[in-house]
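In the form predicted on its own, a lone chain appears below as structure tokens.
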Amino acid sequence: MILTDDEFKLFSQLIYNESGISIKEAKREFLQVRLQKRLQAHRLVSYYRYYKLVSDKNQGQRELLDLVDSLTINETSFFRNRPQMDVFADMVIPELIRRKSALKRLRIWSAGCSRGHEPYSIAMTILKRLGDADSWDVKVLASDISLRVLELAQRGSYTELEVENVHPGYRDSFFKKVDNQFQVIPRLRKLIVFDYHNLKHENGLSGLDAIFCRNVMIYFDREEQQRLINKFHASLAEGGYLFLGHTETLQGLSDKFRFIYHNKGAVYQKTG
């Protein structure tokens, strides 16, 4: 069933208004395939009937979330982009420890946390680097637009294949093998607060020490990228750090961050 021009415009505008995800003409076939799967799930025979469902403010909200979820690629892994995680471990955390030694409070946001690999990697790194971690107030705020992946992240249970690139010392310290799965230990889990959040909307976060938002801006057009970067700037404490995906950049979007490149890893620091 071919998606007409009018139908493509209806759905792409609906998705943009809901999530900020921009679907260009080149992605029309991709959208069509995803829509067909949702039609089959509801036993509907036309795009129009499905549009009426997802655009219904009372009845279609959960289905709209499921549609948006189907358009994102939740590819993730523990310690993804190792050089960047090394910058976090070797440069950012020591600097934050020095700067916040009196307050002993850290707040990190993993925006677009997918199935939890990133926030758990962040928390493991912090616990290993802090030393006297029990004397610190640490929270990793982990959010995603997909309720499905958030449910998986909260379980904190992973296959042997998923944890194979976790350093053995980390794996032994932070996972417990249960049957054929590796379960994150309670000490690690309690550092993380998982919550649904649509980056299109505000969440009131402020005073953050670091934000990880990697491989998320690729879904947005330039206007939404600009709005998101302004939001992150407002959410970060002075001198806070912003980690983006390796193909993403602030060039032309903001001059309020300092670009730092260290041992093949990149991060931006809020300057004012």
Ligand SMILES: C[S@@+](CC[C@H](N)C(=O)[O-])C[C@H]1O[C@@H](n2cnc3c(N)ncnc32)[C@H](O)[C@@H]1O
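Please read these numbers as outputs of a predicted model, since none were measured by experiment. One-based numbering along the sequence shown.
There is another form of the same protein, the form predicted in complex with the named molecule; it is not shown, and what comes next is about it.
The stretch in contact with the named molecule in the predicted complex, judged by heavy atoms within 4.5 Å, is 137-145, chosen from 161-169, 137-145, 178-186, 124-132. Proximity of Ser19, Glu118 and Val216 to the named molecule in the predicted complex is complete: all three residues have a non-hydrogen atom within 4.5 angstroms. The partner is absent here, but in the predicted complex a heavy atom of Val149, alone among Leu106, Ala89, Ile192, Val149, sits within 4.5 Å of the named molecule. Taking the partner from elsewhere, Ala153 is found to have every heavy atom lying beyond 4.5 Å of the named molecule in the predicted complex. Residue contact check for Glu75: one or more of its heavy atoms lie within 4.5 Å of the named molecule in the predicted complex.
With a 4.5 Å cutoff on heavy atoms, Ser157 does not count as touching the named molecule in the predicted complex; it lies far away. Using a 4.5 angstroms limit between non-hydrogen atoms, Phe220 touches the named molecule in the predicted complex.
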